[in-house]
Structures are given as structure tokens and as C-alpha cells.
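Below you'll find only one chain, the form predicted on its own, shown as C-alpha cells.
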């Protein structure tokens, strides 16, 4: 049985930084900056070339953190992230094959959904959390609220269009376990190594 993402989420803040690292050199100072503000669950997306190396580095060098892989779109990428040591997997869509593969490794997986049909697939495969993506386009808080009565055991991890200005609206919903944010780690600040500014943003959250 696949480990519950809800159990992992209890180990950190209800906001998960969603990170597209521009370089491997950014990984440790960024993680240290975020963890100093209490963010100990990080999602490293496979949108940049250094992502897999960064996951491996963070898992080995910062064992106190929970490091996940995001934007995982197929079983090859899934296997690569598992080999790198990712402790949870986040996908933009729902794939029964990927869910089954993650279950083999007892690794939490959060599939992306935009419709009740996709939520049904995830629920029937034994998952307790789905990623509403892109949340802003998929109906946002209205969609999540309307799903509560139909899927009372399902929690949501909204990302995509969630901002510092509206994240608290998501987190106020009882069926939201956490929300993903890219605003915590702007690319320009990471490229400049402006960890003080990122620290300021993280502290506000």
C-alpha cells in the first residue's frame, strides 16, 4: 500500500514551495533558507536539467527535510525520481500506471486532477490526496468546496495559479491538506543568490 501523502504533509507547513531550480548550486542554500523559516517539505520540479541531481543532493545532505519530485509525467521519470531518493511524487495528471509504480516503492504520489472523473480514478486506486492543477483555471476554491460532499475522504493539494494573495482562501477549506506555491522561490532571485529576499518572502508565509 502506498504511503499516505496526508501523513507526510503533517510534518511541515501547509504551504509547499514548488521549486524549478536554475542550477544545482542553488539547491543547498535555497533549502537552508526555506527550512530556516519552517519549510521542511520541498517539491523539486523536473522542469530544469539539474532537478534529479538536486533531489539526490538534498536527500543525502539534508535528511531532516522531506524532498519530493514534481512535474513527473511518465514512468521513466518516476523511476528516475525514485532512484534519486524522492520521498513523494507529484504529477500534473492522473496515470494508473504511475500510481501502481509508486505503490511498489511505498512512495506517496499525488496525481493531478481537473475533473470528478480523475478524482474517482485516484480514489478507486486507494489514494487520499489529489493535486488540483492548474488550480486557478480548474475552478479554484469553488471546485474544491463542491467536491467535499461527493468525495468526503479526499484531500486536495492545489497548485498552479495559487498566489501569496489567495493562498489563505485555499488553506481555510477543510478538504485542503496543503497548497503549492512558486512565488516563494522566484527564478530571478535564485539566479542572483538573493537568499535574504527569499527569506523575507518565506517569513511572510
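Residue numbers count along the first chain shown, from 1. Note that this is a predicted model, so its numbers are computed, not measured.
Just so you know, the form predicted in complex with 3-phosphoglyceric acid (3PG) exists too; it's not on screen, but the next bit is about it.
Picking from 142 to 150, 58 to 66, 25 to 33, 175 to 183 the stretch near 3-phosphoglyceric acid (3PG) in the predicted complex, with a 4.5 Å limit on heavy atoms, gives 175 to 183. This chain appears without its partner; in the predicted complex, the one residue of 9, 15, 18, 190 with a heavy atom within 4.5 Å of 3-phosphoglyceric acid (3PG) is 18. With the partner omitted from this view, the residue of 162, 154, 41, 52 that lies near 3-phosphoglyceric acid (3PG) in the predicted complex is 162 [heavy atom within 4.5 Å]. Looking at 118 to 133, the residues that come within 4.5 Å of 3-phosphoglyceric acid (3PG) in the predicted complex, counting any heavy atom, are 131, 133.
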